[in-house]
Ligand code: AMP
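Next up: a single chain in C-alpha cells, the form predicted on its own.
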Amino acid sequence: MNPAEWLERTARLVPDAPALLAGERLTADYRTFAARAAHLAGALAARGVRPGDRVAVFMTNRVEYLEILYGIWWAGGAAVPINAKLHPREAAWIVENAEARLVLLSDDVGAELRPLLAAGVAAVSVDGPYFAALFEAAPFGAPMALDPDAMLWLFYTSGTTGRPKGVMITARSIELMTLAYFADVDAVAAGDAILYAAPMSHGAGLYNFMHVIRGARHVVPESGGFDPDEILDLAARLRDVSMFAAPTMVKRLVERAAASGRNGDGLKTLVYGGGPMYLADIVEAVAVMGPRFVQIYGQGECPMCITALPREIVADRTHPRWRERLASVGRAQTCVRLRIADAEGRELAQGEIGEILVRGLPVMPGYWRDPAASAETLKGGWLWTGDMGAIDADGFLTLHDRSKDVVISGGSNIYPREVEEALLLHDCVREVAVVGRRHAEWGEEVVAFVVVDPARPVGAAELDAHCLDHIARFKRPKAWRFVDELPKNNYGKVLKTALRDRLEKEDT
C-alpha cells in the first residue's frame, strides 16, 4: 500500500478536517494537504523522478516535511530523510550513497550542503520561491500503485561505529508497523493530534501514518524541536496530543511538569523508546503525569514494532511483579516473533540472556547496496538485533545491553544497565553511563560516568557503598568519572563510544 493512498482517502472523507499545524496555527486542512502532495508529486515527476528513485530530505522539523514525504510517495519515489543534526559532509555522503536525484533542504541546515553535492544532484530550498512554485505544477493524478516490496523510506542508521547503513523500509514494513500501532500501542481518533518534537527524519516521523489514516492533526511546535514548556502549553490548549519521545526527553518533560506544578494535562499518550528508560525514571513519570505512557522497542531494521508495553501495564502497581514488568520493554508486537539465542543461533531457555532475534513481515529486506552487512544481520530468516535480553515466563522482554556494551571482567558478564539502574536509585545521581575499560589482569573493568545533583554532591566512596547494597561486589564500578553532562546524540542516546574513546585517551 502506498501511504499517499491513505492521505487521498482521508482527504476525500474529511476534506475540511484540520491537518497541519505550526504550533496552534493551522496551515492546511486535509483537502489542502493532499492537493499540495499531488502537486509536488507532479513537479517531481516533471524533474525526472520515477518510481523507486530516491529523493533526499535534509530539513529541520516543519509542517512542509509531511507535504514533501507524501509528495515523494505520491509519485512512487523513496524518501531519504537525513538527520538534520549531521555535518553537511555526512549528509552529502548519504545523498551520494543513496544515489538521490534531488535534495529538498531547509536553509538553516542545508546551505553548506549545496557545494558538497555531486554534479547532477539538484537541491531545492523549502525557504525559497522556487519551492513554492513547485505546488503550482500540474498534479500527478492518483498516487502511484506500489508493490509491497517497494522501498518507501531509506533510513540511515546513526553510524556511531562507522559509516551509517541504509535500512530499506518497504511499503509492507510501513503497513505492518501502522497496523501494529493500532493493535499493540494505542488507538487514534479523528480529534487527536500527533506532535513532532523529536526529529521527523526518524521515529517521530514514522508515527505520522496512523494519524493520517484517522484524519488526526499533525502539530510541529513553533520551535521545531523539544521544549518542555512549549509542549506542556500546546497540549493543554490543543488537547488529546500524542508524541514519540526518547527516554531523556520524557525525563526532562516530567521534571519540568513537576517543577511547574503541572501534570501533563492535554497529553493523551507519550510513546517512549529509542534508548534505555530506567525504572526509577518511569516510576516518577507515572507518579507525576499519570497513565499516559506506552513503551515500544524497535530498530530501523524493524521499525517501531518489536515489542510494546501498554499503558495499563506501565501504570499498574498491583501486580506482584510490576517492577520487573515495568523494567521490561514489553511483549512481542502482533506482527513479529522473538527468540533469544547464543552466538551460534541456538535458542536459549526462558530467563537466559542472549542476543535478541526478530522475525516477521516488518523486518527490512536488507541494507541498501550492502550485501555483506545484510548477510551478517539477517541470518536464517531472523534479524539479529545486536541487543542482549531475556524473556520471562509471561513473554516480557527485558533488555540488558547492546552486545558490544557488555563488560567481560574476569570471565563474568557484567551488564552496564544493571549497574546504571542501581546507581540511579541514589537520590543524588541524576544520570549515569557505565562502560568497560581494558584491564591487564581482568580483561575489562567497569567505569561509571556520573552526573550528580550539584546541590547535593556525592563522592565515589558513598556510591561504592551504595552499589554494594544493591548489586554483587564484582559488578560495582572500579573507577568513577564525575561529569557535568553525558555525551548524547540528538535523539537523546548516550554515546558510549565517546566515553570509551575518552578512557582510551587517558590510558595512552
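Take the two forms, find the largest set of C-alpha atoms that superpose within 1.5 Å, and that set is the rigid core. One rule holds for the numbers: they count along the sequence shown, beginning at 1. Since the model is a prediction, treat every value here as computed from it, not as a measurement.
A second form of this protein, the form predicted in complex with this ligand, is not displayed here; the remarks below concern that form.
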389, 396 and 468: each with a heavy atom within 4.5 Å of this ligand in the predicted complex? no
In the predicted complex, which of the listed residues (334, 260, 413, 223) lies with a heavy atom within 4.5 Å of this ligand? 413
Contact residue in the predicted complex, from 269, 125, 374, 157 (heavy atom within 4.5 Å of this ligand): 157
Though only this chain appears here, would residue 192 touch this ligand in the predicted complex if you measure heavy atom gaps against 4.5 Å? no
Can you work out whether residue 297 and this ligand are in contact in the predicted complex, taking contact to mean some heavy atom pair no more than 4.5 Å apart? yes
Is there a non-hydrogen atom of residue 216 within 4.5 angstroms of a non-hydrogen atom of this ligand in the predicted complex? no
May I ask you to state whether residue 273 is within 4.5 Å of this ligand in the predicted complex, using heavy atom distances? yes
Please determine, with the chain shown alone, which of 93-101, 274-282, 231-239, 146-154 has non-hydrogen atoms within 4.5 Å of this ligand in the predicted complex. 274-282
Members of 104-135 lying within 4.5 angstroms of this ligand, judged by heavy atom, in the predicted complex: none
Residue 444 C-alpha moves between this form and the one not shown by 2 Å or more, core aligned: yes
